[in-house]
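First comes one chain, alone, set out as structure tokens in the form predicted alone.
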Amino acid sequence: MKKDLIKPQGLVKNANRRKFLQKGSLSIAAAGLFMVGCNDDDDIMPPMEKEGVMLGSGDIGILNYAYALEQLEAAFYATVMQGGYFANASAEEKEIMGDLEKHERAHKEFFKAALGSAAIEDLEVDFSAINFDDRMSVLNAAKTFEDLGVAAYNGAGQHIQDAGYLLIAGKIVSVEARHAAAIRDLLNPGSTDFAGDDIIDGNGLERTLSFSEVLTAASNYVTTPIDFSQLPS
């Protein structure tokens, strides 16, 4: 993608960044309440193993996979809100980070309610590699998490069997993509990085990552062992 071919308008103006995020809003949780309680047809497996957690199989396993990622993102933004970067950030960046924290918390709670007794336990995380007092450290970590989340949903979508679950996953990934674009614009305002060549291919399609690729990347921050062996390969 040549940078001179795209002149982003919606992200480069400070006032529009928050409007861009607000369109994602917290309506995801309200729109998807029909998912609360797993289908009787789904095999509910014990989420706990002797060490770590087992995601399970089929759609339940994929929902637990998404739940694990949302736990990671929610924990990250909750920590951001307590750090020195957030305390000293501009009003605009405080609003953006506040919106992202609310969205990720809503996503996490949504999956927890939807999975019910099939939900995995709360994961242990380790953010010691991130300096929450430093703007660039926080924003680069946010970029990593948001890009990973989008690629994860894109990769998992093809394996979801229930049309209702697929609909909700599509709604959530659209919000995650807004997050990713906003973070990239904060890092490099007015550039084409919001849809950079590292995530968008020559056909205008977002990259996808497999379950293994995503969970391997997430293992840098999640200390709870995750068994995903029953997910589709």
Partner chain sequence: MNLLNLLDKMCPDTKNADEKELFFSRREAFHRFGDMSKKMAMAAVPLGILSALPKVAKADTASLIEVLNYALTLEHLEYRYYQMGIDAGVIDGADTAIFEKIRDHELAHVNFLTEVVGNVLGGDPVMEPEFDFTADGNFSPFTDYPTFLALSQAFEDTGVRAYKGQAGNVMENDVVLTAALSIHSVEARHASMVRRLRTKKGQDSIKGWITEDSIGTLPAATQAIYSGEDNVMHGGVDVTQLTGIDSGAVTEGWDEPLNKDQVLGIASLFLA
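Residue numbers count along the first chain shown, from 1. Because the structure is a prediction, the values reported are computed rather than measured.
Only in words, not in the display: the form predicted in complex with its partner chain, which the text now covers.
> Tell me, yes or no, whether residue 140 is in contact with its partner chain in the model of the complex, where a contact means a heavy atom of each within 4.5 Å.
No.
> Going by a heavy atom distance of 4.5 Å, is residue 88 a contact of its partner chain in the model of the complex?
Outside the cut-off, so no.
> Does its partner chain come within 4.5 Å of any heavy atom of residue 113 in the model of the complex?
It does: once its partner chain is placed as it appears in the model of the complex, residue 113 has a heavy atom within 4.5 Å of it.
> Does residue 84 make contact with its partner chain in the model of the complex, using a 4.5 Å heavy atom cut-off?
Residue 84: no contact with its partner chain in the model of the complex.
> Given a 4.5 Å distance limit between heavy atoms, list every residue of 86-123 close to its partner chain in the model of the complex, or none if there are none.
The stretch touches the partner through 92, 95, 96, 99, 100, 102, 103, 105, 106, 107, 109, 110, 113.
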